[in-house]
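A single chain, nothing else alongside it, follows as structure tokens in the form predicted alone.
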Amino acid sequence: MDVVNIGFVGTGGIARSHARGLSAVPQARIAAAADVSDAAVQDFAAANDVPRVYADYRHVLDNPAVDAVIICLPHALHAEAAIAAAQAGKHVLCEKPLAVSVAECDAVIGACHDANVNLMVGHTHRFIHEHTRAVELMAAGAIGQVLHIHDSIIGATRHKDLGWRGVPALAGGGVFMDNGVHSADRLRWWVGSEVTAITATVGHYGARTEGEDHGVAHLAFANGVTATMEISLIAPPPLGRCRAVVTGADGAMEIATWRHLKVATADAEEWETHTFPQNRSQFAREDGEFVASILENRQPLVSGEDGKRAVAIVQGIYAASESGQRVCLPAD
């Protein structure tokens, strides 16, 4: 196989981001797409020169020309589509979260394993330059032993119509199952360990969503690192941010997603700022990794197990907030 033929399941905004990413991957071709909205799938096909379009995604899975699928559906529909794709022999890139429960994640992972197809989860933050460089610097000991990370993803979207993301039955929850799952995954990646204990308070404070729109969680990792996760939709525009501050034994780091990476040693008087090229696409790198993993017959860098662990953290946050008690997770 020299070219991977991709089918899209869902053609909304995130699908368009993936299509732009794939345009930079010469070993990939979009062969088919499906969406319940005829207008959406026709627009997607016209923009991306897609030869086959359908109203029912199962027709994408039945198409023998399709080698792999990218699933871009509401969260609660991920598991069903991913399992069906695996059973049809298609490799799977599923947008985050992998599913809306650990049990569903296990079912997807099992189906892909049984079918011997690749499963990758769209945790796109793993492919952002500031993040990958931060991991390299932490591994090299640039700030010494990592002690604590404060991670905040604050969306100034109180008055925005969130569409299906504002409906827990489709989204699997509120802002923590949406943006919080990004934080859960990147914290695991940065720390290099698993979350073992969680305390949290989340609630609804006025954003246009039926689910939680703001909250804070405290995470303890098996290797002794701690982290706080602040996820919100209710801030005014000046407070909007996607930023993490890492405290180490010998320095600190500020990771401002899509902006910069700053590092300071313990005795530094000012930050050392790392900047990166503008107009860069993490989707090109993410989709390129998915395609490369298929062509090279290897597992992708972001696995189904990674997706499951992120969902388990979010579910743990919900359980801790609801019970008011500390929730423990297995480290293995």
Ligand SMILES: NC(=O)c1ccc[n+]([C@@H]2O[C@H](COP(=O)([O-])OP(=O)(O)OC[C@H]3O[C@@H](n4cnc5c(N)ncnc54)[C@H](O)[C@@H]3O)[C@@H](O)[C@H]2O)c1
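Just so you know, these numbers come straight off a predicted model, no measurement behind them. The first residue of the shown sequence is 1; numbering continues from there.
Heads up, the form predicted in complex with this ligand isn't pictured, but that's what we're talking about next.
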- [ ] Decide whether Cys72 counts as a contact residue for this ligand in the model of the complex under a heavy atom distance cut-off of 4.5 Å.
- [x] yes
Open item on the list: Contact with this ligand in the model of the complex for Glu95, defined as at least one heavy atom pair within 4.5 Å: yes or no?
Closed with: yes
Open item on the list: Although the partner isn't part of this model, could you tell me whether Ala65 comes within 4.5 Å of this ligand in the model of the complex, counting any heavy atom of the residue?
Closed with: no
Open item on the list: Please determine whether Phe44 contacts this ligand in the model of the complex, using a 4.5 Å cut-off between heavy atoms.
Closed with: no
Open item on the list: Only one of 77-85, 109-117, 142-150, 206-214 has heavy atoms within 4.5 Å of this ligand in the model of the complex; I'd like to know which.
Closed with: 77-85
Task: Residue among Asp178, Glu130, Glu104, Asp185 with a heavy atom within 4.5 Å of this ligand in the model of the complex - done: Asp178
TODO: Note that this ligand is not shown here; using its position in the model of the complex, name the residues of 227-253 with a heavy atom within 4.5 Å of it, in sequence order.
DONE: none
